[in-house]
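Given as structure tokens, the chain that follows is alone and in the form predicted on its own.
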């Protein structure tokens, strides 16, 4: 039996095995798919179309988990909590292929059954076969119509189900978008798609034009350092291997650039990144600091993340401090401070496919307390007339406008500035930036993560 099992493992599709193993790591170890899968593909020497297929299956399945689980439960006539984890991983993988890819029904079912049989034997594989055949009898649209709330009675619930989001997150997006059903649908739909890869050209080392030419990408629409990579492994890009470029969402690039272009009287070149890990923004700000003969202090509370920063800011004028940014011991008087605060990450769900199913509304309540403490400290550390750029990768009003309003009211002399001019660059004109004074980016409007930016100063 063991020999037959080894033979079957050998005959399995490597791309599907990698996707299954990634989903298992996410389920069993709370791993992150976007960290697990690339290393797995390299270690197993899975490349080209197989690597692209494995990526689509793993990320797509993780992203659509809630919808898939509802369909699987209906087809199996039992809650997914009653299905063994290793079998459930494969059922999700198979259901995703049936509902959201162009893989033929026979191939999707048979390869999934083979995956279950290779590890779990005939009984569970028969169960998988029956469930997936039932799933295959309807399209995704038909399953949504059957299982989702009525759009006439509960439009938010219907859209949340259709676009595979927990309801509470859909409600947050609705509130952040001013209650517009059309905007909510567009935001959820964009969030349900696999995002493009954005590269950042390190200023002073390589231009976006040069990076586009050498990577086969296309210069970005907004950030002067951004390149859109159409496909492939970013690790194969020579400029990234040499440290001249990195992977960074265009919205994140705009936030990092914003703190460097704000008007500050008598800039002494003393800049601060208060929550710098894992280092993407610190690397971009550090490169711009080098050009402007400035120096950047970078605070990170985690030693591991501090080491990640150290790797990406090598040779730049950046000093790393392993400390709690609320009590770092650094002297006040900074000209420019970026506070990219720890947040719920609701703005980057498309890049972290499993995270939407892990976060809860209670997480936000705890984070808001930390965000207010950090912003209060940032306003203490900035010099009068200096600038604090407060950003989150979340559009949640509790983490964005409410935090800014509460801290501004509690700190003597604190004033909010218009942040829109700080990101008005390239094709990003005022017509795309709302009424201000803050900036809220969106995937469905700007093609970036849903980054928030507010600019503050104190007298």
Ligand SMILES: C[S@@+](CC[C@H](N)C(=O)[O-])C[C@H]1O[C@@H](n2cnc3c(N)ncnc32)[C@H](O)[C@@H]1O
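Numbering follows the first chain given and starts at 1. This is a predicted model, so every value here is computed, not measured.
The form predicted together with this ligand is left out here; the points below concern that form.
**Shown-form site status with respect to this ligand as positioned in the model of the complex after superposition (2.4 Å backbone/C-beta criterion, 3+ atoms)** = After C-alpha superposition the pocket is open.
**Message:** Within 4.5 Å, heavy atoms only, which of 191, 340, 89, 249 is in contact with this ligand in the model of the complex?
**Reply:** Comparing distances to this ligand in the model of the complex, the residue within 4.5 Å is 340.
**in the model of the complex, the one of 150, 139, 302, 360 near this ligand [non-hydrogen atom within 4.5 angstroms]** = Checking each option against this ligand in the model of the complex, the one that comes within 4.5 Å is 302.
**Asked** When this ligand is placed as it is in the model of the complex, which of 91 to 99, 381 to 389, 202 to 210, 294 to 302 ends up with heavy atoms within 4.5 Å of it?
**Response** This holds for exactly one stretch, 294 to 302.
**Item:** Proximity of residue 353 to this ligand in the model of the complex, heavy atoms at 4.5 Å
**Value:** It does not: once this ligand is placed as it appears in the model of the complex, residue 353 has no heavy atom within 4.5 Å of it.
**Message:** With a cut-off of 4.5 Å between heavy atoms, is residue 372 one of the residues that contacts this ligand in the model of the complex?
**Reply:** Taking the distances in the model of the complex, the answer for residue 372 is no, it never comes within 4.5 Å of this ligand.
**Prompt:** Does the 4.5 Å heavy atom contact test between residue 217 and this ligand in the model of the complex come out positive?
**Reply:** No, residue 217 is distant from the partner.
**Request:** Decide whether residue 274 counts as a contact residue for this ligand in the model of the complex under a heavy atom distance cut-off of 4.5 Å.
**Result:** So residue 274 counts as contacting this ligand.
**Asked** For 311 to 331: residues with a non-hydrogen atom within 4.5 angstroms of this ligand in the model of the complex?
**Response** Result: 323, 324, 325, 326.
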